[in-house]
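Coming up is one lone chain in structure tokens, specifically the form predicted alone.
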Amino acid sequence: MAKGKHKMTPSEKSQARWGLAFVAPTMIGLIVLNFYPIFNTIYQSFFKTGDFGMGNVFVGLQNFASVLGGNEFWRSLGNTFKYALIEVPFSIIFALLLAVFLNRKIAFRSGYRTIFFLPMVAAPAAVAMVWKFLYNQQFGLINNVFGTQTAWISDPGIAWISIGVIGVWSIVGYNMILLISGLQEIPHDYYEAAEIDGATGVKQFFKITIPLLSPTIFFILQTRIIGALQQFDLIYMVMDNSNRALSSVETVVYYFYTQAFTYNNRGFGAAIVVSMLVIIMLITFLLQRAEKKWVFYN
């Protein structure tokens, strides 16, 4: 005999209503702030923006053909990858070294952790002002200390490196905190057994710490690649429009901002964003495939 559907009691109905009420703000926020802009951007990418945002004209794949067929998109994409090649690996390496050092029992350990994490909570505008002063060719602290006249952010040959250094400095504290939490999950018994077997500290680091920390390292790697490929605010605040090195550090998101909000070509800008979204999705897919080979789950 088939059982009938379970009827909810008044208490269960009340709990369900309260549960729905608690998750409703999050669901509404996701729809309004995430899902709707995504689908609207994809929709706008097939149109040519009309005057004052009205009277859009459907152009099909013309915007994508213009984006992918132009040199500026590929140049900005190359700049984006150059920035990521500096920020991602160096921020992880420095953060890992700091995490290992600050995971030990040393004096003022909490203070050191706070100092290294401070750039993460500092206002981006304040960070940009400080680094612009440090990089200033005539009055900057770096040139005064080393007795040089290097144009750190106006020389096209080194400006992208200078921007990358700021990116590493800004994010290394956040990566460090995540790695410290991962280190604290590794049982100390493994290290004691390794010491009994005669393993040195360096060998323990590469044979125990790195493999057991690989899930955290991979998470940071994946999120930082995505974050680096979306870099905008740092370049926008550090580089002036008149800076001759701007073209050597202009990222895809900065290129989108210029096209969409400076030239008011929203459809073309939407096509840039959708193209970058596809690239990020492809990179994420490849990283997920590589996770099985790179990540060790104990």
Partner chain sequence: MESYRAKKAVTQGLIHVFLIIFSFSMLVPFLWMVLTAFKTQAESTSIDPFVFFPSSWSFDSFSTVWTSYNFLYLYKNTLLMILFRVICAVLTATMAGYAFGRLNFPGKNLLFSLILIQMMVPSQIFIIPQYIMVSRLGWLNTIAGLVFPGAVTAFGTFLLKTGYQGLPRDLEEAASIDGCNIGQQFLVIMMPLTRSSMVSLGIFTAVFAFKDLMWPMIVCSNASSTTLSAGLAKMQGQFSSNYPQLMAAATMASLPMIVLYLIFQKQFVEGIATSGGKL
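If you superpose the two forms and keep the largest set of C-alpha atoms that fall within 1.5 Å, you have the rigid core. Residue numbers count along the first chain shown, from 1. Everything numeric in this text was worked out from a predicted model, so none of it was measured.
Same protein, other form: the form predicted in complex with the partner chain, not shown, and the subject of what follows.
Novice: Looking at heavy atoms inside 4.5 Å, which stretch does the partner chain contact in the predicted complex, given the options 222-230, 73-81, 202-210, 185-193?
Specialist: It is the stretch 222-230.
Novice: So, L61, I86 and L246: all three within 4.5 Å of the partner chain in the predicted complex by heavy atoms, or not?
Specialist: Negative, none of the three is within 4.5 Å.
Novice: Is V67 one of the residues lying within 4.5 Å of the partner chain in the predicted complex, judged by heavy atom distances?
Specialist: No, V67 sits far enough from the partner chain in the predicted complex that none of its heavy atoms falls within 4.5 Å.
Novice: Give a yes or no for P124: in the predicted complex, does one of its heavy atoms lie within 4.5 Å of a heavy atom belonging to the partner chain?
Specialist: Yes, P124 is a contact residue.
Novice: Taking any heavy atom pair closer than or equal to 4.5 Å as contact, tell me whether V32 reaches the partner chain in the predicted complex.
Specialist: Residue-level check for V32: yes, a contact with the partner chain.
Novice: Are any of the heavy atoms in I158 no more than 4.5 Å from a heavy atom of the partner chain in the predicted complex?
Specialist: Residue-level check for I158: no, no contact with the partner chain.
Novice: With the partner chain taken in the predicted complex, which residues across 64-93 come within 4.5 angstroms through any non-hydrogen atom?
Specialist: None of them.
Novice: Superposing on the rigid core, do we see a C-alpha displacement of 2 Å or more at G70 between this form and the one not shown?
Specialist: Where the cores coincide, G70 shows only a C-alpha shift between this form and the one not shown that is less than 2 Å.
Novice: Can a Cα shift of no less than 2 Å be assigned to R17 between this form and the one not shown, given superposition on the rigid core?
Specialist: Comparing forms between this form and the one not shown, the R17 CA shifts at least 2 Å.
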